[in-house]
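Look below for two forms of one protein chain, each set out as structure tokens: first structure 1, then structure 2.
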Structure 1
Amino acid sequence: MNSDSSTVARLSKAGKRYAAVLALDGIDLDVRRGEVLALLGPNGAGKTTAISLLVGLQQPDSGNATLFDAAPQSLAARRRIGAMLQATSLPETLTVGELIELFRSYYARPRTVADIVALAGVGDLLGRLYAKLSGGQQRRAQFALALCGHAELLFLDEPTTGLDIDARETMWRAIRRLVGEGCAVVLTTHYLEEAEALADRVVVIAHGRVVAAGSVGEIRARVAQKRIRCVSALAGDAIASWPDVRSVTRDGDRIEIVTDAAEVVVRRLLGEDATLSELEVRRAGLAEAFVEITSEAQKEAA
């Protein structure tokens, strides 16, 4: 049993191997009620395998997976989740509206059709055959199906791939509303700005292991790198030769400097260019932190 009542799903020392490939190497992972957990990592890191263990599609070779303190294969546990996975097979002869009615029938207390349509923004798709939808429209329909059962835990594996900006924003609004209702969300995404906007916690996986975990702020703080933007007459090549400067790019009279010692570089900029203006210093974003963390993991693995 979980000692923490807020934990709705957990992997404990979970390992999974496919022939010679070690997909998960004894990872620990917990999902808490009312949070968005972003599961990040390069392709092949083990993210989708971790989700498949938690939803009960596979079983770990070692360690344990639990869903609401039960086996993930338990029907009672599965009825408390929704899932939008990368690989999905649906009856292509049904319309989106018919699919929603079919999926609602799987649950004792489903959401109303009106609520599903409003949350997922699929009113324009209800009468259309699923097989005739574009890839992005199919992803929207799949999201609607994941919402049918008043999920307490929602798994979204690369949910916004192929979506346009409006559809992505609709999904983001829905996720925020669900979390506000107490639902937990496990999100994998290659769009790091999406994780930065939505996630309460981030777990970075590389080579089947957890290499970083914490809030977005905590992950960003692991990287000393900062970006300095300003309008300056100084030559970019000259700045690039300064100690602690990683790179310099110029766009017209604007310069962007990447550095691990922002205070030192700013003082020198101000000392050498009395006309410098529009100075801005920004710490590393989640994208920069992700690249550095996974690069370090790759070096260690090599």
Structure 2
Amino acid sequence: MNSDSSTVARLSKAGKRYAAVLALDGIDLDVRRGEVLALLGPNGAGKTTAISLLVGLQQPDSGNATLFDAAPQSLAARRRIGAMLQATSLPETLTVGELIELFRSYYARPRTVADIVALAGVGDLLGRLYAKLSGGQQRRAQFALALCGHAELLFLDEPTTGLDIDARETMWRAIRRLVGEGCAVVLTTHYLEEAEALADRVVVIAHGRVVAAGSVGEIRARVAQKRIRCVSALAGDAIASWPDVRSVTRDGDRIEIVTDAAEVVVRRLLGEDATLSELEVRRAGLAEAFVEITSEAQKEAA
């Protein structure tokens, strides 16, 4: 991989081990200017370790990590990023406004307070002590701190965990606006709809290795499955024995069928049950693809 100016952060053959656990197994990762890259993977897959290496909190045991073609620890590189880390709590004795003022002082040309407030939606929190905030409000305050510089690259490690729907929408809007300004984002999340809504590119990590990478569409296309939902009196066990049916679950009078050949199965369903209603066929989402990819990786590793 050549180092051109379109790469803002990079891991090359980066390995990291904690005692007996191999957290990253020689991983290659490029973050390009202006893109939203979602890092997905089950717990313990190495996502947070990958971010720790990229932001310079840890150093790889093998391979290397660079940020704007410099060492991630360098002050020059750190001035160009913003970060929202996992498991962070800010000082309880300071107000959100004081925290923002402090973080703004680290930058030569900080974002204006008004702009930070508008983006992070913390206008009502400025005068409040961090200790008095709810979990979701604390997460918003942490997002505000990530925005204090004019970052060219944001690291958001599970940014919307614990947020209600409104707050999540606000954060998504802010992320889209920042991306519109040319900011790149590295995002980890447990909400696959979040990756689906925001990401240009998805990298799936399992057991410290990249097991799939591509656009959301490409990742989804790796799974041919579709979901059929309907209200029907047919016996679930019987449908499960049909060819091409992967699984059948029944919830009251509703049936959900996962299949690789939706057309064939739908034709037979309609043929066998004239009273069938509320038929719905959905293509597999990122969630199904993710489960499939990571369980394959699990089998390979076993």
Partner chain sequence: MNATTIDTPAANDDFKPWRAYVLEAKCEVLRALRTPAFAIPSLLFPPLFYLLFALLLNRGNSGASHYLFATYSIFGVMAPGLFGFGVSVAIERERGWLALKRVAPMPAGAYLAAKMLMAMAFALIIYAMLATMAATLGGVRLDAVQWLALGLIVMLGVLPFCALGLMIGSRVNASASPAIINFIYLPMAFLSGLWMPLTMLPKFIGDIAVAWPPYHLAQLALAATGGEYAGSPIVHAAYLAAFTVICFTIAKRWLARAN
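Residue numbering: sequential along structure 1, first residue numbered 1. Worth saying up front: this structure is predicted, and the values here are computed from it rather than measured. What we label the rigid core is the largest C-alpha set whose atoms superpose within 1.5 Å from one form to the other.
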> Since only one of the two is the form predicted in complex with its partner chain, can you say which one?
Replying inline: 2
> So how many degrees does the small rigid bit swing against the big one between structures 1 and 2?
Replying inline: 19
> Aligning on the rigid core, what is the distance the CA of Arg229 moves between structures 1 and 2, in angstrom?
Replying inline: 4.4
> Cα of Val281: shift between structures 1 and 2 in Å, core-fitted?
Replying inline: 3.8
